[in-house]
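Coming up is one lone chain in structure tokens, specifically the form predicted alone.
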């Protein structure tokens, strides 16, 4: 079963790459725009440290590592689940009727059918910069690297759950597509260490819109600032959240009215 869906994802990625590369000007300009946006915010962080030695107790490289972790997680979410951004049109136009008739999981196909080659290319230098910054910080132990990677996976499970809930809401009511944009806007909270926010904001973005679990906890694990119990909490939260999102999806499908009905 896993092999089947890996082959399907690979096929969808190849088809998406062919579509993107068919217009070279759009491809180059969009990729260039991503790097410009990244560069501007990177320069903003450097400008902060031109006038201060720390931010909420974090040094320059540590704050940069939070920002890089945000970019890695955000890009991975867009790379694997980009299909959600056109899902409303699929439902509205009746194309989802065709999707649910395919001999594949409709949710997997809906979320994964658009794989952005630009995100993959953008991800490579970001990961390389993160590796460089990580070694500059001096916390690149085997345990910290392993904890960081594991917690990134837990974060991706939460992101998957958010995308599943967004898809379920769209199936239930097509006007609910703003749910995914609420997530996209909330993700920007993860660009900075959570200590710069008030306790109420941190609580909100830890448990209700779990941006801190997605981004800050992996970064803190690498920086050796995380109590190991948070690894267990993150695992339990990600598992429960993903299971809850699947239940919401199944309930949403029960309310789906096909275009032909």
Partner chain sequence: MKMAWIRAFEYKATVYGFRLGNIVEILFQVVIWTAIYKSTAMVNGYTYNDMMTYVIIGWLFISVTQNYGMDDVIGRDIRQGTLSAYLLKPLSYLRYSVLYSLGRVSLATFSGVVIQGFFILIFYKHVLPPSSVLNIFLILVMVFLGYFIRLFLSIAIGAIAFWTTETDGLFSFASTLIKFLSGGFFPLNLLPNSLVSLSSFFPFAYIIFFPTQLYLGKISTNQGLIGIGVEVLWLIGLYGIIKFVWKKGIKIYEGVGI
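Residue numbers count along the first chain shown, from 1. The shown structure was predicted, so the numbers you read here are calculated from the model rather than taken from an experiment.
One more form of this protein exists, namely the form predicted in complex with its partner chain; it is left out here, but the text below deals with it.
- Of the heavy atoms in residue 231, none are within 4.5 Å of its partner chain in the predicted bound form.
- Put simply, residue 32 is close to its partner chain in the predicted bound form: some heavy atom of it is within 4.5 Å.
- Its partner chain is not shown here, but in the predicted bound form it comes within 4.5 Å of a heavy atom of residue 191.
- At the 4.5 Å threshold, heavy atoms of residue 197 reach its partner chain in the predicted bound form.
- Site residues 40, 43 and 178 are all in contact with its partner chain in the predicted bound form, judged by any heavy atom within 4.5 Å.
- Per the 4.5 Å heavy atom criterion, its partner chain in the predicted bound form is contacted by stretch 181 to 189, the sole one of 142 to 150, 181 to 189, 163 to 171, 119 to 127.
- Looking at 45 to 60, the residues that come within 4.5 Å of its partner chain in the predicted bound form, counting any heavy atom, are 47, 48, 51, 52, 54, 55.
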